[in-house]
Structures are given as structure tokens and as C-alpha cells.
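For reference, the chain that follows is the form predicted alone, supplied as C-alpha cells.
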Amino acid sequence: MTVGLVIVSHSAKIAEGVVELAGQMAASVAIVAAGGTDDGGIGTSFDKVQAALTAAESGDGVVVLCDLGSAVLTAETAVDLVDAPERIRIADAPIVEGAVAAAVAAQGGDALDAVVAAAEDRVAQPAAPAGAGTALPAGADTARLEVELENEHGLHARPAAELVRTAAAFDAAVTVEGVDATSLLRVLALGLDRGRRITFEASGPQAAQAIEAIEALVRARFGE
């Protein structure tokens, strides 16, 4: 089971498009659209949101992403009436970026609070990487990799999602170009293009394993 997502928008097309995009990075996550009114118009529907919450709930909880203010109000009303409202969270995040980041976190097996944090870009900051000029704790393990990015379209959403999942799988604080490699939004904000030499650094008990896995991922062009 994984945390599910519900996308609430005033437009059915927007909700469905966000579901399609986020689903590209999270094939195993239930992502349900709740867009538009009951008669297909622009607006939000309490019944659609309530049905989507039920469809997305696998037992691990649901994160809701909304576009405009009244969508939040509709979602809050629906959450108040579900059997277990403590398992539903409305993320304070942009609907597209937040949904994609949340989907990647959910696909990686993160729990409800962590998925919300990913959507809101509140992931924990890693310890200072090796070579950053800040002393690491005595005995801390570190590893570093500098490599050229060969992907034709650079580190766009899909390969970035692969990097985030890989970095999060180890007991190590991993950075790429100095930003947290487990934050999809921060990785995408780097705008890393093909041919760019990029530096990964890790510290922690599994620093070496994390860097080895990332090197294999880069060499495989992130599966593209």
C-alpha cells in the first residue's frame, strides 16, 4: 500500500492532466482526479472530492492537492465527513509541482507526513556534504562523484524522480550541486542540462553505497 493522492481543480481537464503527469513518475500510486462540477462545468464538487478520497485511500492515507481557494474549502468539507479524517491531509503546495513531488515520495514508500512534506518542499536539509567547507561529525562517512550528464533533455522530471528515489533509499544525506537530492522540486530547479558536469556528495553510514547507486543510475542515463 502507498499514500494516495487526490487532485482537486476547478477544471476537470486540469485535474486529469495533473494525474497523468504525476502518474508518469509513480505508477503504483493511486492518484485520483476530482475536477469540475457535477455537470462538467468549471468549479468544484463535494461529491467528486468525497468519491476521490474514497478511491485513493488504501489505508496509508491520502494527500490532497488543490488549485484555488474554494477548492480548498470543498476539500476541507469533504475531509470533515470521512470516517478517518486524521488520514487525510491537504497540502499547502502548488498543484502541479506539489502533486509530482508527492507522487514520487509516495512511490518511494514514504509515510503520510513525509509525502506532505515533499509536496510542500519541507524535506529535511541534509548534513553539509564533503568539501562544503563545514566540518563533518567525527567518523562520518563521505563520498563524492563528479560526472557528466548525458541525458538528451537533461535532468528533467522523470530522471529527476529516479534520482530522488535512489537518494532516499540509503541512510545518507545526499546532495546534487549542493541541494538536497531527495527533494524533487529543488533538483528540478537546478535546470541541469545535457553535457553539464554535476557533483553528487553524500555523508552518513551508507554514503558510499548511495554514491555507487547514483553513479550506476547516471551511467544508465536514468533508464531513458
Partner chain sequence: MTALDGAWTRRWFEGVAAEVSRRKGELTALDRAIGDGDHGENLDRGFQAVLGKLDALDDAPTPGAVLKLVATTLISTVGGAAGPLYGTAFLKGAMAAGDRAELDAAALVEVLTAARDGIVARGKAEPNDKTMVDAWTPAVEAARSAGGDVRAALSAAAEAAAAGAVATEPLVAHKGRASYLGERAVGHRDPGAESTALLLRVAAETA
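Everything numeric here is computed off the predicted structure, so don't read it as measured data. Numbering follows the first chain given and starts at 1.
FYI, the form predicted in complex with the partner chain isn't displayed, but the following is about it.
When the partner chain is considered in the model of the complex, only one residue from 54, 37, 199, 28 comes within 4.5 Å through any heavy atom, namely 37. For the options 179, 189, 68, 169, the residue carrying a heavy atom within 4.5 angstroms of the partner chain in the model of the complex is 68. With the partner omitted here, the stretch from 161-169, 42-50, 57-65, 189-197 that lies within 4.5 Å of the partner chain by heavy atoms in the model of the complex is 42-50. In the model of the complex, the partner chain lies within 4.5 Å of some heavy atom of residue 80. Although the partner is absent here, residue 113 lies well away from the partner chain in the model of the complex, with no heavy atom inside 4.5 Å. Contact annotation: residue 150 falls outside 4.5 Å of the partner chain in the model of the complex, judged by heavy atom distances.
Not displayed here, the partner chain is kept clear of residue 84 by more than 4.5 Å at the level of heavy atoms in the model of the complex.
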